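Take a look at this one chain, the form predicted alone, written out in structure tokens.
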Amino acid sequence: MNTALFVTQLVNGLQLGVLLFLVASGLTLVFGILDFVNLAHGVFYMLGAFISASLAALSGSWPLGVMLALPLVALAGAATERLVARPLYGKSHLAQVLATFGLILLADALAMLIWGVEGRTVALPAWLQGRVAAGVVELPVYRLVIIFSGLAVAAALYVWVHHTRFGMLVRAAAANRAMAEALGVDTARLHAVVFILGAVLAGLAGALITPITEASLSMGSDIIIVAFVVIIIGGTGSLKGAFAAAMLVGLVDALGRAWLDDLFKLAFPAEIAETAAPAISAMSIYILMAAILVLRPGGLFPPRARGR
């Protein structure tokens, strides 16, 4: 086994995992607490990318562009929660899906009018463009920054949910919303904060990935499919499950793309292996989801049954 390639792909998988967690954590909070199916959650991912890229170009500083973009994404999340999501709380999931799908079309059209159809790239500052020696391989500094930033956010979310009063209210509303309301919990404020937090986390993920790829109109739709896979694998409404599933999906995707070809060549002729491996690799996370649902229909960490 090529150790350098393995370490590189491991880092790529961890990077993908933390980005998926940032998107999926907000999505699973919104669904687990608000019982709201938000297909438009990827819009905030796209907005974080485009707004941070634009502000970085105007200010000449990418870190400043990211910091200024997050409050704007929060405002977009607050407006979406008040105008679109709040009237649909308690309604059928079909109504929520149709409304948020319409929001995707609207957001894509507005983004096209504002930024055009071309992607927006971002130049990293010099101190983030270097590489760090890690044994036999050199790793990009910025990929490590993404990984550690995502892990820091995951730790902060854990502390917030499990060791603060507001987190206690969040868990109470998720476990039994009717009882929480009967005890005087301001669920309207709670819902707004959770929705906005989810939007900011998705926006942060979009801002972080933009220097590696670019801000594009299709990025929100691409990420939301994988994010739903993550929350299904982890258990709908479970932050712990979202984190575990995101890391698992990231590693399976990255390592599969790197090593599946070689594994297939051990059992099949080279021509068949080179044809089949990319196709199987592209389906690997969905195969993983199907296998886990067969073994654990509720996901890896299914939440407690919700009270009504």
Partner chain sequence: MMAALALLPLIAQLAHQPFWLDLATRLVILAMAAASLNIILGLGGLVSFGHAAFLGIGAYAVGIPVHHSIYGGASWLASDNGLFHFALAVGAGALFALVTGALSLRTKGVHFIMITMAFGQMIYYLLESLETYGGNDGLTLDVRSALPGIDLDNPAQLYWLAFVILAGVLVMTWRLRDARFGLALAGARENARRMAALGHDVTRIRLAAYVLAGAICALAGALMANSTAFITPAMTSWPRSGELMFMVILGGAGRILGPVLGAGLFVLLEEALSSFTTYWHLPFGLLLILAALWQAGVFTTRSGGART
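Numbering follows the first chain given and starts at 1. Quantities reported herein were computed from a predicted structural model and do not represent experimental measurements.
Just so it is clear, the following notes concern the form predicted in complex with its partner chain, a form of the same protein that is not shown.
When its partner chain is considered in the predicted complex, residue 267 lies well away from it, no heavy atom lying within 4.5 Å. Taking non-hydrogen atoms only, residue 92 approaches its partner chain to within 4.5 angstroms in the predicted complex. Within this chain, residue 39 lines the site of its partner chain in the predicted complex, having a heavy atom no more than 4.5 Å away. The shortest heavy atom separation between residue 275 and its partner chain in the predicted complex is within 4.5 Å. Contact with its partner chain in the predicted complex, defined as a heavy atom within 4.5 Å, is made by all three of 84, 97 and 289. Checking 200, 169, 208, 103 for any heavy atom within 4.5 Å of its partner chain in the predicted complex turns up a single hit: 103. Contact annotation: of the candidates 155, 126, 136, 109, the single residue with a non-hydrogen atom within 4.5 angstroms of its partner chain in the predicted complex is 109. Contact with its partner chain in the predicted complex, judged as any non-hydrogen atom within 4.5 angstroms, is confined among 155-163, 76-84, 186-194, 200-208 to 76-84. With contact defined as any non-hydrogen atom lying within 4.5 angstroms of its partner chain in the predicted complex, the contacting residues in 220-242 are 221, 222, 224, 225, 228, 229, 231, 232, 236, given in sequence order.
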